[in-house]
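Below sits a lone chain in structure tokens, taken as the form predicted on its own.
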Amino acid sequence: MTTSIPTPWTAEQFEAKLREKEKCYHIFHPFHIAMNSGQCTKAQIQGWVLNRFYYQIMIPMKDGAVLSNMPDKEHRRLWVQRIIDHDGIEGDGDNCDSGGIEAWIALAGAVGLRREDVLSLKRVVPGTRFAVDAYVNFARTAPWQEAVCSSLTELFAPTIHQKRLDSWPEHYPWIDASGYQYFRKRLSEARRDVDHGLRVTLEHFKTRAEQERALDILQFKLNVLWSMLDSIHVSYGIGESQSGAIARMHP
């Protein structure tokens, strides 16, 4: 008895399957829903910013690992921009950009955190470290096309950044508006990054088995982001009734 090999999806069908993964995006996590609807306390917002900073500083390291595995200079020329986006670039006037990491530190200042407390990483919870480190290790050891595929959570990122820009000023008027620059920057950067990442993925994963592997890879990255919020949720709670959680975790 012969087993039939499933027919590959067309490029359009494959892209649709990738985009369907949005239903697993961490915008639907209970903590994120609460945060975007004004239910989080100041300590909980600060806890999210502190923990998410660990993700921010590891992204250039992840992208450097992917870059080191790319044999094609044309792809490297495109991918290196991701590192510049986060680390920034020195220059004069319009040629100077302090980068996404500094923009996140500005967000931390806007929610009342001291720069040194953010940089120390002392209050990053273990679950956040574990999830982020797993992602960086995957990017370092996987074929570069798979690492690129894992970045396609950027398909869904503009929605989450816009949601914060729309809802936070109303729900959290105590946050200095100057801290929102990171979210504004990522609206355009994420869309540009998706163009490259999606092209690589659609061109590389051709058979049905490969396409299903790509969906599993994207799900892995979605799980990383979800697991981070699981850890933050457990450590900080949601709402006033659980605002003491942070004191218990970090006396």
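Note that residue numbering begins at 1 and tracks the sequence as displayed. These figures come from a predicted structure and were not determined experimentally.
Beyond what is shown, the protein has a form predicted together with a small molecule; the following relates to that form.
Undergrad: Which is the contacting stretch out of 51 to 59, 209 to 217, 196 to 204, 37 to 45, given heavy atoms within 4.5 Å of the small molecule in the predicted complex?
TA: Correct option: 51 to 59.
Undergrad: Taking the small molecule as it sits in the predicted complex, is residue 151 near enough to touch it, meaning that at least one heavy atom pair lies within 4.5 angstroms?
TA: Contact check for residue 151: yes, within 4.5 Å of the small molecule in the predicted complex.
Undergrad: Taking the small molecule as it sits in the predicted complex, is residue 31 in contact with it (heavy atom to heavy atom, 4.5 Å or less)?
TA: No, no contact at 4.5 Å.
Undergrad: Find out whether any non-hydrogen atom of residue 157 is located within 4.5 angstroms of the small molecule in the predicted complex, and reply yes or no.
TA: Output for residue 157 is yes: heavy atoms within 4.5 Å of the small molecule.
Undergrad: Report whether the minimum heavy atom distance between residue 225 and the small molecule in the predicted complex is within 4.5 Å.
TA: Yes, contact at 4.5 Å.
Undergrad: Please pick, from 129, 76, 161, 171, the one residue with any non-hydrogen atom lying within 4.5 angstroms of the small molecule in the predicted complex.
TA: The option sitting close enough to the partner is 161.
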